[in-house]
Structure formats: C-alpha cells, structure tokens
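Take a look at this single chain, the form predicted on its own, given in structure tokens.
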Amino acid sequence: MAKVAYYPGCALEGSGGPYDRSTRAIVKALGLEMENLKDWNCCGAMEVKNVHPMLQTYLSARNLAIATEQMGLDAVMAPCNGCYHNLKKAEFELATSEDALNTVKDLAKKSDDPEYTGDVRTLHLLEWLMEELGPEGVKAKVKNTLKGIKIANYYGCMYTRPRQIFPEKDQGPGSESSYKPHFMDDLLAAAGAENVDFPLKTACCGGAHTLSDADTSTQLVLNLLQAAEDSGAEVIATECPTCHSGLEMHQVRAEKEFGIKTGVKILYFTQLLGLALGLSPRKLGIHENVSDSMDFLKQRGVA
C-alpha cells in the first residue's frame, strides 16, 4: 500500500483534535501508512485569499512541493474539507495557468522553498480509504458492527465544489460523485451502519459565517439537524472539522437562543469507523465532542 504525506492543517491541531486523533487511530488499525508533512503551513483557507488569491495558491503549493521534493511522496492526504479544497484548487490553477505557475515558482525561489512541479496529488481521507481498502477491505477489519445505527452522512459543500477542480470525480462506477457523494456511506455501511436517505448531504452549514452572522449559521445548521431527524437518522456523520464544530455549537445555540431542541448525535465518521474496528471511545476522542453521545453508543453496544 502506498504511503502518503499527512496534512492535518490548522483545524485538526485545534478545534478538530478528535478528528486528528481518530484519523491517526483508524489509519494504524487498518494497517495503512502515512507520514506527517514536514514544516507544513496553513493552506490559507479563510482570510488569506482576501489579502491576495495568489498567496493562497502559493501556500497550498508549498505544502504539495514539500511532499514530493523533500519527502519523496506523490500524494498528500488531507482529512479537512477546507484544506482538501484549497490544495485541489492550487493543483487546478497551476495546471491551467502558466502565469500562476511562474508566479509560484518565483515566490518559491525568493523564499528558498521547494519548487512545485505538479508531480503530486491531493487525496481526502475518504478517497484514500476507498483507494487503498474499499468497503470490502474495511469490512474484513470490523470487530464491533454498527448494525442498527441509523446515520445521515454529511459531506458539506466544499468536498465536491467547484466541480472543475475535482476531475477524478464523476468518472463512472467506482468514482466519487460530485452530485451525490457516497464514499462515506459505502465505508460506514461496510461497518454495519444503516445509512438513511439524507437530502442535505452537500448543503452548506454556514461555517464561514459563524462569526459574522451567527443567526444565519444557526438556521443553516438547524436545516441540517431537522432534515436528518426527519430522515430517521440518530447520528450525523461528519468529515470536516469546520462542519463538525458548526453542527455541534449551533445545535446548542439553537436550543438556547431559539428554544428549538434536536437530539441527533454528531460524530466524525472516523470515530464511528474506529468503534467498529474495536477502538476505545477515549482513543477516538469521543469524550472531547460537544455532542454527548456516550450513553447512546453504550446502549447500542459499540462503546
């Protein structure tokens, strides 16, 4: 199996700590190999693009160049949707714009950074798991089935948009779909979960507006929570630290500010997969989630 460079990004070393821990735990349990990306920098996910769009491209290109030129690896794995999106966007821009490529090369030379050559690709954690193991490979490792747990798989809006920066998607059977993604559904179904038909799996959670317009973010999250419950879900599985934090925090805010209570639990898909692999809730950081799901998981016999 191919080793990848692991790019945690800023969020997984901060508010997304449980996602980082559960990612590392399942990678080890599944027998996969990754190496921390050396001397990585922020991908410029939020404010950097407002300073200059090219700076964001350069920051992402620097991370990709380190993987190939200093570590000898041809793939960077990013579990965060925002990081994944920005690294893929840089790949696209540098493959389609000679001006952008020359600018990035000039900046790298002036900064004494490795030069971006394009001989590297970005993978989301979901894609890496599907590529290396697939549902059957995961199923073979399951020790504690998620059978009977009804899950709404939430992919967020940045995992598939904009369409042009993900040329590997929508390539027929076996590929991920940008319109109806299914990789998380496939992996959790292999672990025994019952996936519900969740119509808002790619809707925005309002994560980028959570500080500037909290009411709008709360309403967008409420739409997701209530749609999940209407679909019969007991759990929303997430794959992005920003989405996950937004769902948890605005679930609390919706009850406090608007008196609207929802009971659906929120867990990273890595935490659910880790439970199915027989890992302890503590090792997966479940006790660090805002959404308290321990009683529910114990009742279902997976914790």
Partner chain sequence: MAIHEKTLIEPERILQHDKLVVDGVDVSGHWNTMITPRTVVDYDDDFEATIQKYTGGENVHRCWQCGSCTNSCTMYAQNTDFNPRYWIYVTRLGLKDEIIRDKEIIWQCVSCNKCTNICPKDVRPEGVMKALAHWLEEEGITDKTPSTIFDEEFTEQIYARGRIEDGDVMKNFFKKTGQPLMQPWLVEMIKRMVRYMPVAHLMRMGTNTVFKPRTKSWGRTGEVLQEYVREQKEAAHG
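Positions refer to the first chain, counted from 1. Treat the numbers as computed from the prediction; the structure is a model and nothing was measured.
There is another form of this protein, the form predicted in complex with the partner chain, and it is not shown here; the text below is about that form.
You can rule out all but one of 117-125, 186-194, 132-140, 163-171: in the predicted complex, only 163-171 has residues with a heavy atom within 4.5 Å of the partner chain. At the 4.5 Å threshold, heavy atoms of residue 50 reach the partner chain in the predicted complex. The partner chain is not shown here, but in the predicted complex it comes within 4.5 Å of a heavy atom of residue 249. With a 4.5 Å cutoff on heavy atoms, residue 227 does not count as touching the partner chain in the predicted complex; it lies far away. Proximity of residue 111 to the partner chain in the predicted complex falls within the 4.5 Å heavy atom cutoff. Among 146, 220, 94, 73, the residue placing a heavy atom within 4.5 Å of the partner chain in the predicted complex is 220. In the predicted complex, 51, 52, 53, 54, 55, 58, 59, 62 are the residues of 51-72 with at least one heavy atom within 4.5 Å of the partner chain, listed from first to last.
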